[in-house]
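Form predicted alone, single chain, as structure tokens, below.
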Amino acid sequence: MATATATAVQVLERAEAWAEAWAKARERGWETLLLDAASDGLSIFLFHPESHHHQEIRLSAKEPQAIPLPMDMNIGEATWALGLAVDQLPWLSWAETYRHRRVLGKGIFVYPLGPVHADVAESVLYRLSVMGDDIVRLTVENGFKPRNIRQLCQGKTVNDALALVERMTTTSTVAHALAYSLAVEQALDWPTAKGASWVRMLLAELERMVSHTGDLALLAASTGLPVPQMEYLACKEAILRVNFNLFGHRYLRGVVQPGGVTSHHIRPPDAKDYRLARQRLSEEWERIRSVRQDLDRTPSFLDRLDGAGTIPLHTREFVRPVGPVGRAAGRPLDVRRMHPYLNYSDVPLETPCLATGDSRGRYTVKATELEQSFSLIMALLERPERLNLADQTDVREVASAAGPACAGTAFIEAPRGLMAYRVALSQDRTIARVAIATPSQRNWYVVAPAVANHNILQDFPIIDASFNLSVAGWDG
């Protein structure tokens, strides 16, 4: 790994060609998915939302081209701000300089918050520079509990690596397992089991409901409204129990795997199980809908969200946030609609998009997406004959046979936004390399500019809850 890292860094220092290619691609409407660094060079994976195409730009380590770097872009800054999967590149110089840059002046007070927080919050350090109540600057520092999952995957079997990646973020277990499985299936040219695509859609939307319900509960709590918070948390618990009743795990761990899906129960769910799940979710949806109606009629809630944590326009354009954060800031990118995978092309899906970029926009987008996920789940549960888990192919049968080295790439719409995976397999079918770009990796870089944008200290908990990004997804 040391050789690969040194080679990759040498390529970037000598050529810096990827940054130039990235800048030109963005001018033509391409979105950056991830950056994969290996001993033989660099690969930039791009996606065009309008044409639904994606492509790879390959930079060789042997013959780097000397392309001038744009004057207004630092290569380390571009890498960190995009949240790319640069797990082998130690971009510490820019990050450390940014994190510890201080605001000096009379009346400036630095308010540290973290890295240890109350409740179940993850370890992250906020440094708020304030003058009175006005937030002048925010720096965010992560990396207190890195698990190095990408590196741990190297040399593992396909199954063992799957167990690692789906533990990256518990709130996105299905998303990580799905993106990883799709990448492995592409690498091995391996078709998924019949009916597995519909089940995977069901799992993904159940996870999206759990994630968004928890986000809305946290947002209600941040504004001092414990009643809707408890209502949302009760609904979240009910959905987790539906997950367990259908597939044997509350957070759906170990259900999605390369080749198809499985269940922890002795028998897979049948039509009766799906019918009971549909009935239970319908009951909970009435409660979720009622809570939103009450919140939309509560001025003390809405007034606290209006204008809080607005992402500056130049930050939106440079970082290009994804998921609900991006869609609340005028960026309609939704992989399910713009580059359909599984069976999303066969179902109606309208992407909510607002231009406010503030906490209320993020609340509205998540609440609307929650409604869409419920509608998709109800439609899937109405057709239980399509949710077939019986014809599962054992991953060991496909991955055990030796063959030429291969690689696959996949990108999906996780609950927090665009997620990309690049999985490279060696000849003995063990994992040679895994590159992962999570939505939180990218979106964390809009938090600081949004907080230090005409907000006061009392706004910070609300803004933080409206983003509710994953630190584990950032640290890896």
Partner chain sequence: MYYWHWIQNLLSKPQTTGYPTKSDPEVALMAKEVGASRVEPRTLERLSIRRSCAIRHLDAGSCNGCESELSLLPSPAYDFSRYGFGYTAVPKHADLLVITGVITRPMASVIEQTYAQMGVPKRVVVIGECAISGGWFRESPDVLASLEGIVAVTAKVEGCPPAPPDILRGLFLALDGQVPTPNN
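Residue numbers count along the first chain shown, from 1. This structure is a prediction, so every number in the text was calculated from the model and none was measured.
There is also a form predicted together with its partner chain; it is not shown, and the following applies to it.
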Quick one: which of 199-207, 280-288, 186-194, 335-343 gets within 4.5 Å of its partner chain in the predicted bound form, going by heavy atoms? 280-288
With the cut-off set at 4.5 Å between non-hydrogen atoms, does residue 120 touch its partner chain in the predicted bound form? yes
Give a yes or no for residue 237: in the predicted bound form, does one of its heavy atoms lie within 4.5 Å of a heavy atom belonging to its partner chain? yes
Residue-level question: is residue 168 within 4.5 Å of its partner chain in the predicted bound form, judged on heavy atoms? yes
Is it the case that residue 251, even though its partner is missing from this view, gets within 4.5 Å of its partner chain in the predicted bound form, heavy atoms only? yes
Proximity to its partner chain in the predicted bound form, single hit among 270, 306, 160, 317 (heavy atom within 4.5 Å): 160
Just give me the single entry in 152, 379, 349, 313 that has a non-hydrogen atom within 4.5 angstroms of its partner chain in the predicted bound form. 152
Near its partner chain in the predicted bound form, with a heavy atom at 4.5 Å or closer, the residues from 226-245 are 227, 228, 230, 231, 233, 234, 236, 237, 240, 241, 244, 245
